[in-house]
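Next up is one chain by itself, shown in structure tokens, the form predicted on its own.
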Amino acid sequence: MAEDQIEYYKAKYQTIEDLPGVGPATAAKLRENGFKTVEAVATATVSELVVSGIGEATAEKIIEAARKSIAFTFVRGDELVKLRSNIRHLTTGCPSLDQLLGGGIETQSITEFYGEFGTGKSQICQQLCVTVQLPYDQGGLEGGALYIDTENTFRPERVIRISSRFNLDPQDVLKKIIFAEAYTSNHQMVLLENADEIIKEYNIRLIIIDSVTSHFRSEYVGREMLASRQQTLNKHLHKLIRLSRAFNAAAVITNQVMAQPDVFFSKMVQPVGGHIIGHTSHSRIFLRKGRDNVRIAKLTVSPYLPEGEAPIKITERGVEGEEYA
């Protein structure tokens, strides 16, 4: 395979107007419906473009051209190794958690943190907003963070304190965090569907949704709404994974939990979202409270890592391994 073909993430076409068959009118329709970059078009389905008012034949042609410019349909195993060399690991800033995750948060995949309130989910997310800005040789991705907040948990003051720990200028760090508060599940989806241009403009290498299920859980009430909720949530998560792959970014979601009423004499909980989130999240970490203000992070699902646990502590400096607290 030629070296120029290994440039997996560098599109041949720089704007959607460069794509064959996309004139001013078609480009306007695409942008109006959230498809503002070549990467967004390449990861779209034909039906999504048809809904935007574009003919099916034209939609197929546009998507095919966009996909050919950034990726391959079939590759050999040895070529896949080269393509996956683009994947990086983002440090969490907590050595014990990094070790549990095989080096940190992997790009091009979804990492889910779930647990009861107060177990540190949002704390980890806010720390990741800082570590993503670190140089590559320090475990960072030299990029910014996109933070979609559904529970009003993001605090700039916390980011400022964590920034000092990593010897970064707090104001510079805050400038590279693009924040949006989602007020409903539909608003949450719209924010993500229109994020591709922001991701490209601000060199976003980390996408966070904290929490991904909060609005869906409160708005889709009753068993008769379950199927609709799961279908909508499934579409939302697939948009997230497509963005993470198109831009080689890390995708992190937090998730609420619910008690299992059929399990007697136990405090067992399970994550909200059922099989939809279970099948879409590549790595799942369960957070629970331990003794002496220690949290236990348990890796419950991973494509290639064994299950394991790691102690962490939430301190004034951020999230740290117990031995560093």
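Quick note: we count residues from 1 along the sequence shown, nothing fancier. The structure displayed is predicted, hence computed values, not measured ones.
The discussion below concerns the form predicted together with a small molecule, not included here.
*Asks:* Using a 4.5 Å heavy atom cut-off, indicate which stretch of 223-231, 118-126, 177-185, 88-96 touches the small molecule in the model of the complex.
*Replies:* Among the candidates, contact is made by 118-126.
*Asks:* Verify the contact flag for Glu307: yes if a non-hydrogen atom of it lies within 4.5 Å of a non-hydrogen atom of the small molecule in the model of the complex, no if not.
*Replies:* Heavy-atom contact with the small molecule at 4.5 Å: absent for Glu307.
*Asks:* So in the model of the complex, does any heavy atom of Arg284 sit within 4.5 Å of the small molecule?
*Replies:* Arg284 lies outside the contact set for the small molecule.
*Asks:* Within 4.5 Å, heavy atoms only: does Thr43 come near the small molecule in the model of the complex?
*Replies:* Outside the cut-off, so no.
*Asks:* Is Arg158 close to the small molecule in the model of the complex, meaning a heavy atom pair under 4.5 Å apart or at it?
*Replies:* Yes, Arg158 sits close enough to the small molecule in the model of the complex that at least one of its heavy atoms falls within 4.5 Å.
*Asks:* Since exactly one of Glu151, Glu142, Glu79, Glu197 fits, which has a heavy atom within 4.5 Å of the small molecule in the model of the complex?
*Replies:* Only one listed residue qualifies here, and that residue is Glu151.
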